[in-house]
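Considered here are two forms of the same protein chain, supplied as structure tokens in two stand-alone entries, structure 1 and structure 2.
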Structure 1
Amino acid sequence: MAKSTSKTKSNSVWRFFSSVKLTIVLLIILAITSILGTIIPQMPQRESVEFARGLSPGMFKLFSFINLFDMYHSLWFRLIIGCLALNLIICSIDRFPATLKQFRFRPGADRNKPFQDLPLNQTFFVEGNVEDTANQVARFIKGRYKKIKRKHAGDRYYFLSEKGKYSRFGVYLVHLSVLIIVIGGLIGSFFGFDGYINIVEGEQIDAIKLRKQTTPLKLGFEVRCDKFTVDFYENGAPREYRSELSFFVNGKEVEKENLLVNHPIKFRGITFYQSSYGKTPGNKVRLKIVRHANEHESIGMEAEQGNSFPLPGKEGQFQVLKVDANLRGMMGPAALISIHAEQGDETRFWIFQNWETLQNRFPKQMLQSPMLNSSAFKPYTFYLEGLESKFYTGLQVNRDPGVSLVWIGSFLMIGGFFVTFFMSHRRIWVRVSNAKRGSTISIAGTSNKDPVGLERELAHLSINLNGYLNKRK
């Protein structure tokens, strides 16, 4: 009894996964999710952040919980793909024996059933000996079909030819192509990566930041941005931006490429896309230093971050410790100054390019902090007149080891669809029967699909064979 119950459950599972209805349902679900993936911007696109900001807190939590911002890497999407793959495999295994049996079946050439109820245009009379006529028919058919079976039964001669028998496997070629695409997609999902990096002009990197991970990923080589250029339209919108990249392996430059929007480049299986750009402060600042003595002394200079410079009055040295394009996201360009006097402790303070604006925006008590006093070291006052700025290029970086399988599967799918929809397995019979003062020629055929095409072929064959035999007389 236990064995019977187990067998019933096994058969139920097999029937469930071998159902064509399940295939249709899974394809509909995939179509819906693909539409959602198009409507909802997927990470790491900047549009996804803007889309998320427009959602209510509850809706945002729901979208995040079911991973709609990165659905193609979600567990539920992978399960759908896995179910589709299992469904295709079981469907193919379940139906393949019947298809193989039809493929291997070799009907006899002397069958009369195909000739029942033939249209009038597929039967005609020719004069001459039946044997001579049969030999002429054989020569004609061999010029059109490859493998011919011939049989002589009584006063009749039969000819059978087949073509397109491999077209019965077209649907399995489509199934195989889908499986290859699915496997390629899963390989890319599990073993590929998708990250981003910003490279300042003139600098180089050897690691990228991955989505949803804090640990950077080492590339195994270095990428340097030699130059970044951007062209603008008259209205200020960017027209084209270009990154000139150099790739280094073990410290040696091995390749140089120009990267443009919609024109990615690939190096060692990793693809780089031009994604964004921006400006970042450089290492140099323009300073104005006023020394309040008997006569005010003012000098302007350019200072590089980290280098030490003597004060105009030789009271000590100063250096720029840090540069920030927008301190705390609201205070604008700033630089941290450190002064080491000949005698005394170190003095540190921030100086701002937009100091007058800050005085109007923030309370006086806040701005009276010693760290914000540009005159903290007497008798000097430091002014920030400008920051050196450099372009940085924003690159999207990914590696998809399954992409070659996806391409192979795509080409196989095209071939499979062509075989499935434009080819058919046809069997053509020609019967030469003895008649008074000549022979009767009958032409019949069967096809696993495209009956209209078969009818057209039989009609053309009848006309051409009739003309050939009458011309030979």
Structure 2
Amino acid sequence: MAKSTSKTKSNSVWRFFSSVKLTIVLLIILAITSILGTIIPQMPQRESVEFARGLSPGMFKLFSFINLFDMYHSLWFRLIIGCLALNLIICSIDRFPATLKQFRFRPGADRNKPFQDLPLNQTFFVEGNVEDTANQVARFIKGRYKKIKRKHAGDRYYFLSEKGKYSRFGVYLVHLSVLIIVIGGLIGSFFGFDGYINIVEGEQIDAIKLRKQTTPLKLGFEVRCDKFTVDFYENGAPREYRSELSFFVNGKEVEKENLLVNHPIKFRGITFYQSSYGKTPGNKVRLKIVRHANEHESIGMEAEQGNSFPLPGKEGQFQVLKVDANLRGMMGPAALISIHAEQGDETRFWIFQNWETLQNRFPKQMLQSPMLNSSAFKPYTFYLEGLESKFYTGLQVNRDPGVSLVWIGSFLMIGGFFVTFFMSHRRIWVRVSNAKRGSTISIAGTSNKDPVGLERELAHLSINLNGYLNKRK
């Protein structure tokens, strides 16, 4: 980048932000502070709460005061990034005029200064008339460089070619790309959302939960999960998760698609990602009903929650009132049975799939409650054989209107790097001057960076031009 030209803008804030020292300091501060968030677990991870519990009250207060549990979204961290952005803008504005001047500068072709102190291999002798030689040189250079300026002064012929002029702007392109990415990120955080929803197979939803708010967000359309499947490899690792989704607008199905990990679905500006899955009890249970404690009089059946079924001996009706995959979080799969006798009251009791283990784990007195007596309605005993379980699919649901800017910025940044790192603005002079019985040819050049590359190019040009001219004689 060009040297600072802040003579006119001597205001001290401007001077502070136009310093590259500040850039280096800010980059290092950002690097060091960013480390904190990789050591302290950040919200909303579960480890974050555990970590906070382990702190002394004073430390906890300090940590939460400076937002260390969500530091990357804290004001102070954003301020540092803001300073860097301001620094980058002001540095670029400050230096741009000087760059433009160098970009526009057109040196004369007949300059002799670049030819002072040339290395020996960049000057050589060619026999023959100066004018002829100059024409040959012109022909040779035209094949290699696009724009060539020619000048004839006295008995000297000059050629100037220039390339990579635009590479002077590479660094501004990189800075612009950083700003575009930051703006894209800001747009995403202000106008986008980040939510999730679990949909049980066969069910449909019209709203999602947001991570940063408690009120759910209405989508304006419905999504149904028709089916969820998970495939496994032979070693037990998951191979593929697949949700078959249908989208409804005003009750009408408009789209049907399969959602896979790494293959999100976009519907009406909102993107759905396959992110997790789980099992939830369905509304069917498998029961075994034994009469008179006699295995021969037992029947097995499937019962749907809410429906009434007659008892095998017609003494009354029963139904499954509730199904719980893990009652009270520790008693395992359970179902609440309600029996209405032909005459008489209702009998209610819970039955458990893991009754045997429960008997070993809990004291006898506790299990003698009538609510837990599976033989409460004589002469029957109910056994829970299993719950039908259903999959639910866990979806990440997002909208990020800033993301295309982020990709544009990324693209520009890579382009900018190529220009800044691998291209330079070079000017190459070739001088043909009259000498005894021939002409002397000198080659010189200047470059805004990469002096080694320039040296290589000049040496290469000398060898080739020498070979070209001396071969023809």
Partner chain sequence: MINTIILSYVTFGYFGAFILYLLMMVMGRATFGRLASLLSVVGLGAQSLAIILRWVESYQLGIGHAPFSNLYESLIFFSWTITLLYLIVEWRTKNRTLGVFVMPLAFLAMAYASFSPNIASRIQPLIPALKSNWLITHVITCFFAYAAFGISFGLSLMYFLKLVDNEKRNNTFLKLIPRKGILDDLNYQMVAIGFLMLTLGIITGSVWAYSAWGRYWGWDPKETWSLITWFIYAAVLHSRMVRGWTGKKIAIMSIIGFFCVLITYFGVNYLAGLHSYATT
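The shown structure was predicted, so the numbers you read here are calculated from the model rather than taken from an experiment. Here, rigid core means the biggest group of C-alpha atoms that superpose within 1.5 Å across both forms. One-based numbering along structure 1's sequence throughout.
One chain, two forms displayed separately, with the form predicted together with the partner chain being the second of them, structure 2.
Core-aligned CA deviation for Ile441 between structures 1 and 2: less than 2 Å.
The Cα position of Phe65 differs by 2 Å or more between structures 1 and 2 after fitting on the rigid core. A displacement of 2 angstroms or greater separates the C-alpha positions of Leu26 between structures 1 and 2, with the rigid core held in common. Fit the two forms on the rigid core and the C-alpha of Pro363 turns out 11.1 Å off between structures 1 and 2. If you overlay the core, the Cα of Leu75 moves by 3.8 Å between structures 1 and 2. Superposing the two forms on their core, we find that the Cα atom of Ala335 is displaced by 7.2 Å between structures 1 and 2.
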